[in-house]
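Given as structure tokens, the chain that follows is alone and in the form predicted on its own.
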């Protein structure tokens, strides 16, 4: 009987085989999940990570001179900075300067050296025209270059080229915060008359912060009204919020120029009602920038607040009032804390978008109202100084990330205290 029962039972599988099957199933599940996420990850790498990484590299990239004059830059990096470079470096410089006419190399090194001193481009052109027709290896190139232009006999001329020789530099990052390296290599502030970018960053933060606070002050009651009204009325008003959101940015900015100009509707209305006697300057200054940016960015504050407020039950506030709390105290201590996530999302969204605004301040602002993005566009489109453009963008990115981390930490701490 015992023999019959044992023969009828199926053979048991080894424990190791079951574990292997589980591991294969888990591995297959992970590969399927990775396959679903891979297109999105590839998209983010191509359109976000690589451009950001390229911008960060551009802010310290200094390979223009090295790519055109590798032997000269190697000789200058060995030079101790006293007297003049050795004869072999002079000969390499003469040969590579002649070869730089091919492939646009002369333009690249001229543009890079002009950042050190604006006289370098013309000096290179004069030297190139004065070089002998054939380059002989036994020629005295130190004497030849000095005969072409006396500037080659000055140590300062070669020190300027030496500063441009390393493949990486902090020159652009330092210049973006009004700093530079002195003759001894120490970091120091640039001359007071040349300082610009610290004021530009301060102005950018002030405008972005002011626009964010105004949007919050206007958007919070508007979102509260939309969240508490009946659905039919709320949907109608929501269309009015979204209508400018769907309109072209350029059209909205141009509309503000028309409204706020001296003969615009705002000034004419104020003069017709006797509030003012002469037109106010409301555009091409800071007032126009705030008007236009608040109007454009207000929906980005209202929508996150509305989505959070819509999920808050009114019974909590009514319960607080029924227990004896003042209506304002119930609103402030019960309702507002529940909207912190919406306030955080709206303010950080508006602030970050305001930091990078370019078109609106450029059209409705004055010369003293241009933000960092204006100078990034200037260096990119007008002077082709990619290093300064990348450095300004990198600093703006770092400032944004730091503010976001601080803000995120503060919001999380408040939520932890509240819970």
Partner chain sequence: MPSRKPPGQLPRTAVISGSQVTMPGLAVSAGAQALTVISFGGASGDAMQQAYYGPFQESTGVNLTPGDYNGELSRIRAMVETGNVSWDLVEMESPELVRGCFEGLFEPIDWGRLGLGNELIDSAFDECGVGTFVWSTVLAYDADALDTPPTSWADFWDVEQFPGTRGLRRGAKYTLEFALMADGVPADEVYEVLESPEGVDRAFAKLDEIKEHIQWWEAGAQPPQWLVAGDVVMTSSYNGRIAAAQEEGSNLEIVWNESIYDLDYWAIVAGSEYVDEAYDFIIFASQPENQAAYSSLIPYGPVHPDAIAQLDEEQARRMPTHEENMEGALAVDTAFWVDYGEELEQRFNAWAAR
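Positions refer to the first chain, counted from 1. Just so it is clear, the model here is predicted, and its values are computed rather than measured.
What follows is about the form predicted in complex with the partner chain, which we do not show.
Only one of 66-74, 38-46, 25-33, 364-372 lies within 4.5 Å of the partner chain in the model of the complex by heavy atoms, and it is 364-372.
Using a 4.5 angstroms limit between non-hydrogen atoms, residue 163 is distant from the partner chain in the model of the complex.
In the model of the complex, the partner chain lies farther than 4.5 Å from every heavy atom of residue 299. A residue is said to contact a partner when one of its heavy atoms sits within 4.5 Å of a partner heavy atom; residue 62 fails this definition for the partner chain in the model of the complex, lying far away. Remark: residue 262 counts among the residues lining the partner chain in the model of the complex, judged by a heavy atom distance of 4.5 Å or less.
Against the partner chain in the model of the complex, the set 184, 351 and 408 makes no contact: no member has a heavy atom within 4.5 Å. The contact with the partner chain in the model of the complex, taken as any heavy atom within 4.5 Å, belongs to 194 out of 150, 277, 80, 194. Checked against the partner chain in the model of the complex, the residues 214, 106, 226, 95 give one hit for a heavy atom within 4.5 Å, which is 106. Residues are counted as partner-facing when one of their heavy atoms sits within 4.5 Å of the partner chain in the model of the complex; in 367-395 these are 367, 368, 370, 374, 375, 378, 379, 380, 381, 382, 383, 384, 385, 386, in sequence order.
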